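Taken one at a time, structure 1 and structure 2 that follow are two forms of one protein chain, written as structure tokens.
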Structure 1
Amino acid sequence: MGAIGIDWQVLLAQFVNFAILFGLLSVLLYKPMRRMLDERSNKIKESMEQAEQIKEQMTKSEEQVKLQLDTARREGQDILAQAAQMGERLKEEAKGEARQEAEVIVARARTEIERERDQAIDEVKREFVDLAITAAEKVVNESLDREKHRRLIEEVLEQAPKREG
């Protein structure tokens, strides 16, 4: 090997230097670097697992929120339906009260009309009696006992409707 320019002693020294350098680099640089890369890889895995857990939790939370929204929507619709029913019931009650008030007013009006009619009939009877007495006085040309004739005519008038009925 000497002919090609290789010296065994130098070659052996370089191998020894290379082995020492490789050993030192392996111990001082490669193992700590490997440990640091493994730790980083573990941290990345943990972060990915946490991200997956968070994603799953978010999915569950979204489902719960959707369920709560659906429940709230249904409850709101139920409340609206109850309010509509209550409004309808109050409307019916108000109509019933209005009908009752109208019936009371009509009954009062009828009573008042009957009373006024009776008064008008009594007034007409009185005027008729007075006219009859006045006419009789003029016919007879003398003054009759006004009270006696009045009673007599009133009795006749009271008996007259009974005969017709």
Structure 2
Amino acid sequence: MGAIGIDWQVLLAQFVNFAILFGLLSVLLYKPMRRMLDERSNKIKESMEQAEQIKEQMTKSEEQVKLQLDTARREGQDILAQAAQMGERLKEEAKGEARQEAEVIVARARTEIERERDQAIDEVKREFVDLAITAAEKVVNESLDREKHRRLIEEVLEQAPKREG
């Protein structure tokens, strides 16, 4: 055994060396590396799960947005339709009002015209009476009482339009 050199002291020393290296590596390499590897694999798992979640959320929110867009579009269309309806109604109302007003104005104008016509007729009548009187006076030579004469003519004139109409 001496020739190949088995020596219990050296053997023991190599044992101790192995133990030292084992301790050293456990503290310096295996534990931190294990922790790091585990941490990394956890992190990767987590981030993959997160990515999955985010994807899910995105599809969900996309759907929501789509839904919201749809409702908004529908609402917009409703509002537009309502507005059109309202416009139509307003137009109708305005038209009606305008027509009414126009009618009122026309009626008023008509009455005014009638009144003015009557007035004019009256005036013409009176002037005609006066003219007739003066004419008659000139003809009769003041033979007749002026008052009496006037009454007479007015009576005639009163009857005149009745005969006409």
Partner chain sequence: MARFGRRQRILIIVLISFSLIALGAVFFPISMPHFQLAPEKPWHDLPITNTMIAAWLTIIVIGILSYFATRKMKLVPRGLQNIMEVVLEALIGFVESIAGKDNGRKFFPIVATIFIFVIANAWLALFPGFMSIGIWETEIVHGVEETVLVPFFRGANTDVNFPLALALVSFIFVEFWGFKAHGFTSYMGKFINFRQYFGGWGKLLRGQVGSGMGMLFTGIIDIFVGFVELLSELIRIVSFTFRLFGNMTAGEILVFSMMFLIPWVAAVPFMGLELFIGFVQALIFCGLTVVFLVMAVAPHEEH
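Quick caveat, the model's predicted, so the values are computed rather than measured. Here, a residue number simply tells you its place in the sequence of structure 1, counted from 1. Under this definition, the rigid core comprises the largest set of C-alpha atoms superposing within 1.5 Å between the forms.
Matching the description of the form predicted on its own is structure 1; structure 2 comes from elsewhere. Remark: with the core as the superposition reference, the CA shift of residue 30 between the two structures reaches 2 Å or more. Comparing between the two structures on a rigid core frame, one finds that residue 59 has its C-alpha moved by 3.0 Å. In the rigid-core superposition between the two structures, residue position residue 18 carries a C-alpha shift of 16.3 Å.
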